[in-house]
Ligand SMILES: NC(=[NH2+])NCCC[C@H](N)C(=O)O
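In structure tokens, the next block holds one chain alone, the form predicted alone.
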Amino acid sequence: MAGVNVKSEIKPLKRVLLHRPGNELLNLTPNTLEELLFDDIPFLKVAQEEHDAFAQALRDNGVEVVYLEDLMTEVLDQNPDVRETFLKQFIEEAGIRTDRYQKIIFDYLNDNYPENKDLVLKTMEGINLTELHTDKSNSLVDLVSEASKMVVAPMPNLYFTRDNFAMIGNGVSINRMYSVTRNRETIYGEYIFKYHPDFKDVPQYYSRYNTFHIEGGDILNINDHVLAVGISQRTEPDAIDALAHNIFNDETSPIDTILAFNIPNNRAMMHLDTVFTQIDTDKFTIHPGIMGPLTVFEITPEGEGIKVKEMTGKLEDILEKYVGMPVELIPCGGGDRIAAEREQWNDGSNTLCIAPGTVCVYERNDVTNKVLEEKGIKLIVIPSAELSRGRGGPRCMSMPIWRED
């Protein structure tokens, strides 16, 4: 199944990209939580068990699960000459600037991790100063540095595969991320979409080297003609302009309308998919805080450029126009303010739809889950005590590669 095909949020999911949480979570400390965008430290053993249950639930429902680490390993296995290039770029992007340390870390990774799978996992995990066994007598930096210093920071957010690149129809946006710590994650997407036989011919609508940031959690495929993108804490309007130009200039793309939703700039609504997600042909889960008037910009092609029209209205009216039928908005927490705030914090409205009316949800959001069941939605409930500490739900943890048309 080469290429990508994602023209909807709800059509039957056939292939999905995940990343199993790894030792990168062990390198989170209380002092680095803010820098690495975490609020707490998940217990790795349980987080892995929960993630395995998520993956198995998808397989049980006919979805092929592929892992980011495996795709990157396949790239290196099939292109042995790429390994050195990848390693040098990885070290540079990790902020290692001195020739001495670039050589030390290159030799350490290249010599100690001859198997490509082990190497890929190690680049995700990070590197502690104590691992390098350097001669400290000829370096003031080494002498004054704490023994436990991470010389290469971990990438603990990688299990949220939704954000670093996003499938749009038959193309992909390889994103420039909001934070430095997450921007490093997109290196794997760069190599996968350049070298992997399944993905190297996929049209690229955005580059990780662009100036303005955009993240996959802000990109929703409404249908084959309409794309929704959030103007949010993590996605800039300049990036949406560039994305629109690139999509409209691709003659193979049927997308003729992009809706830019202007959402509040705060952590609780960091992405559009934390504000609403589609769960059936006519149903969406929503953040209760977005139920008032909303500003949306309609972007369409005009000549060789774009035309932007501002619209203000209720979310359900805007969605109804572009979905093509009346829609029902189901608030997280069932309208109870305390339950809504608690369950929104644990991504109660961040669901992954695997077929119309069938969604993956976190077990802990029992108030919202009950409401969804009452609305006739079939739930695939996954354990979430530790995964939820990363502040992302089933949609955040998955990147659909192929949905049936």
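In this text, all values refer to a predicted model and were calculated from it rather than measured experimentally. Start at 1 with the first residue shown and count on from there.
In what follows, reference is made to the form predicted in complex with the named molecule, a form of this protein that is not presented.
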* Full three-residue contact with the named molecule in the predicted bound form, heavy atom 4.5 Å, for P21, K122 and R184 -> no
* Is R234 a contact residue for the named molecule in the predicted bound form, using a 4.5 Å heavy atom cut-off? -> yes
* Asked: Quick one: is P154 in contact with the named molecule in the predicted bound form, heavy atoms, 4.5 Å cut-off?
  -> no
* With a 4.5 Å heavy atom cut-off, would you call N350 a contact of the named molecule in the predicted bound form? -> yes
* Any non-hydrogen atom of F160 within 4.5 angstroms of the named molecule in the predicted bound form -> yes
* Heavy atom within 4.5 Å of the named molecule in the predicted bound form - residue from L25, C396, L13, I382 -> C396
* To do: Could you check which residue among I127, V229, M270, L243 gets a heavy atom within 4.5 Å of the named molecule in the predicted bound form?
  => M270
* **Location of the named molecule contact in the predicted bound form, chosen stretch of 272-280, 86-94, 72-80, 301-309 [non-hydrogen atom, 4.5 Å]** => 272-280
* Asked: Along 370-405, which positions have a non-hydrogen atom within 4.5 Å of the named molecule in the predicted bound form?
  -> G390, R391, G392, C396
